[in-house]
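First, one chain by itself in structure tokens, the form predicted alone.
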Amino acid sequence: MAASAWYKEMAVYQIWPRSFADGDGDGIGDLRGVLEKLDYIRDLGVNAIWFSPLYPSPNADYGYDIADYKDISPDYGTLAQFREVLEGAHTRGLKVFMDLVINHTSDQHTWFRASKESGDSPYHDYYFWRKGRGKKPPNNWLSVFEGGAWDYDEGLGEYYLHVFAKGQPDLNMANPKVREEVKDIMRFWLDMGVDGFREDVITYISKREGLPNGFPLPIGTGLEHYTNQPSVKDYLREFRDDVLSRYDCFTVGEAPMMTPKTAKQFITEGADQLLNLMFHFQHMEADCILTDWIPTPFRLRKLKKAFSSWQQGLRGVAWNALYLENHDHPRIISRYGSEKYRVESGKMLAAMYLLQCGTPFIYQGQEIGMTNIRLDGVSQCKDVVTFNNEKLFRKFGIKGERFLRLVNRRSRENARTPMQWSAGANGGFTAGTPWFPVNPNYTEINAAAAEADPDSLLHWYRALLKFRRESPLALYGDYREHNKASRQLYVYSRGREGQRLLVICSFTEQPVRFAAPLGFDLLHATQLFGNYAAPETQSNQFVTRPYECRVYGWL
């Protein structure tokens, strides 16, 4: 792994290309649209772009089912246009990361098509093809997305494994030829000038030998046999030694059910570091159980425990990845904040995570405070997860309007509405018919309006990112949580070389009395950020306003 640590001081903007910006008027976001928005991305104050998959795909899972790893989907443009975007990004000081999806391909990939021609095909062992147990699949594993994890091919008389959708057959990474294909893909993009990869469900790429039955569960049967198997590290070590170590590049892995203890096996800095960062999900479970689709009341203490365990667990050993939104989750203001106090809670949430220690990721639209959409019916939905859950929840009597309410609150559809650029038609996203409904609140919530308002969430993000970029304290200071027992306030401090920050975040619209922790004298501090007009500080106590955030500094 390259020794450079530039990734610690960067901030990353995630683009889900289908919904970002449409440059040719066909209703689908594309690379021409991205090219037109590069100045906007640069001016936000980030240093890099992460593209969700741009590759050709039949869209069983909107790009995460890849049909060709070395090309660009015609929906988005051409390789020549990608090179133009890459050059334009680099000219503006922006690095570019691609999504590397190697747990599975599309069932339309030439490898998979060849694999099912016969059991003698050299590509047959690129995937997990197995005979059934009589009339039953090879084992009892369930797909994360779509029913059972096995699908039967009549022509071959065998089943293939798909941990996700039926159109996403799992690659057999134990086959050395598959690993050579992965390395060739990495070299292709790195040689073109791409600066690294976000590695999709990377801890799933190894399956337990023999593919034994899993412990039977309503969801997730088999997870223990394909999550973080020992050989995952061997594969990542091979990719590092043969490819990544030869480039000054960056990697972040995505890993469901990841903990700080397990993450350190992958991202501990030193000679055997396998990845630079690790995305986990623990802080996204403060209002749910295991998945966004099983909601619970929001619990701030659960959120704080998750953040603090990673801040403290990786301190001095590895580096954190910080995020609140991406393409896989509903909008954070609609979850942990308040649509009633959209700007106030959006600012509070931004400061809460951007001022922690780690590399922050910002998802398109997060910086202007986009919220969940209210769809009129499931017929408007596009996501395979929504359709699978509609079948699953119907078994428990949750259907019709009741299920639609769940979709509008908890589905990934909420993150995939078109970016709201202006108050013009279709939110300025397209001159055509958008592929997915634009949130009707675009007339109020859009980038143009945010640009014109100096007190907007957009300008708040810019200020926070500028402060972080210019402050060694914000970048590298230690972390300490205060007021741990509070169910309304998240308070933490950062410290470095005699300088300190105190970050105070209220997660309620109700007034809460705050008293500064021992040793923090607000009368001799500078209030650096506040999402309300700053009153004159007259004591070490104050009563919070709805979703108030204050950041004090002793600099």
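Keep in mind that this is a model prediction, so the values were computed, not measured. Sequential numbering from 1, following the sequence displayed.
Keep in mind that the form predicted in complex with a small molecule is missing from the display, and what follows is about it.
Proximity of Tyr159 to the small molecule in the model of the complex falls outside the 4.5 Å heavy atom cutoff. Under a 4.5 angstroms non-hydrogen atom cutoff, the small molecule in the model of the complex has His104 among its neighbouring residues. In the model of the complex, the small molecule lies within 4.5 Å of some heavy atom of Val201. Taking non-hydrogen atoms only, His124 never approaches the small molecule to within 4.5 angstroms in the model of the complex. Phe145 is the sole member of Phe467, Phe145, Phe307, Trp460 with a non-hydrogen atom lying within 4.5 angstroms of the small molecule in the model of the complex. Comment: the small molecule is not present in this chain, but in the model of the complex one of Arg342, His327, Lys116, Lys166 has a heavy atom within 4.5 Å of it, namely His327. Checking 408 to 416, 70 to 78, 86 to 94, 299 to 307 against the small molecule in the model of the complex, the stretch whose residues place heavy atoms within 4.5 Å of it is 408 to 416.
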